[in-house]
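The chain below stands alone and is given in structure tokens; this is the form predicted on its own.
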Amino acid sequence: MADDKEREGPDLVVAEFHKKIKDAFEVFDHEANNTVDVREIGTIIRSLGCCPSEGELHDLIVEVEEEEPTGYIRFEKFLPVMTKVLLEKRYRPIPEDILLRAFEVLDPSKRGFLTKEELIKYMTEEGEPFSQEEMEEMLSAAIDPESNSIRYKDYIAMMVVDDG
């Protein structure tokens, strides 16, 4: 299916990206004036299938902000930057097998789960630490309330974006 699109030319692909970007942007353009609150940019970018780190998101925001930041992002500045991101396939989600291996490293005894406490420790003390808000969001989606743990294979299956 993707081959058909590529044969029809890059213009069609760009036009499709423009429509997707405009549709995603308009959801948050509450004033219908082609601007969105800068705090919504991460949500918009993620809704387009991109998964930038917080650092990468910050760099993108700097790129689309006005010289004198207003707290709002204009569609005309966002569109070309986001189109380029999509064309270059930047910030792709991590493949399922790599996510599984990462969880398995954190679970050396191969139990198939991590406790809530273990998950909090790893996600807030290692690598690029999660914010309190990110941690709460992950826990609400990942933790089984009965066992107070995360069965990571189930969580990964729920999280993975199907590119099909």
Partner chain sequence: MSTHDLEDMGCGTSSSTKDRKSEKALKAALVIQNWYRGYSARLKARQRYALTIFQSIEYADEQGQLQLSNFFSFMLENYTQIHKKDPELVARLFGSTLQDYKDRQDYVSHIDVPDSYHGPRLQFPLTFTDIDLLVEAFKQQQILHAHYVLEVLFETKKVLKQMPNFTHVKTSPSKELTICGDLHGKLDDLFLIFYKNGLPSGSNTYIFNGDFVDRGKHSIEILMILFVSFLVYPNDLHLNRGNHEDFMMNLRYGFTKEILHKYKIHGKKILQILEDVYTWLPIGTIIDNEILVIHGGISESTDLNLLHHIERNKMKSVLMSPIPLDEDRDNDLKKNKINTTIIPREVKTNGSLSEQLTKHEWEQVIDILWSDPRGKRGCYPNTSRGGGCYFGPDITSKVLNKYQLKMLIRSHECKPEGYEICHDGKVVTVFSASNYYEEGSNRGAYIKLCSGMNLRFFQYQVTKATCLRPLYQRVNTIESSAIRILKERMISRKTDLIRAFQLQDRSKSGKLPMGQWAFSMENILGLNLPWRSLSPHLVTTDKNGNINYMSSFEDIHIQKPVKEAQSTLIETLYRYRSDLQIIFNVIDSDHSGLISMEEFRAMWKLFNSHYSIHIDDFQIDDLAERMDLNKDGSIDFNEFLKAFYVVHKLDNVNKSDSKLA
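Positions refer to the first chain, counted from 1. From a predicted model like this one, the values you see are computed outputs, not experimental measurements.
Here the subject shifts to the form predicted together with the partner chain, a form of this protein not shown in this document.
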Practice item. Could you spot which one of 63, 134, 37, 117 gets a heavy atom to within 4.5 Å of the partner chain in the model of the complex? Key: 134
Practice item. Would you check, heavy atoms only and a 4.5 Å threshold, whether residue 153 touches the partner chain in the model of the complex? Key: no
Check your understanding: With the cut-off set at 4.5 Å between non-hydrogen atoms, does residue 30 touch the partner chain in the model of the complex?
Key -> yes
Point to revise | Contact test in the model of the complex: residue 130 vs the partner chain, heavy atoms, 4.5 Å | key: yes
Practice item. Consider residue 24 of the chain shown here, and say whether it contacts the partner chain in the model of the complex, taking contact as heavy atoms within 4.5 Å. Key: yes
Check your understanding: Does anything in 54 to 70 come within 4.5 Å of the partner chain in the model of the complex by heavy atoms, and if so which residues, in order?
Key -> 54, 55
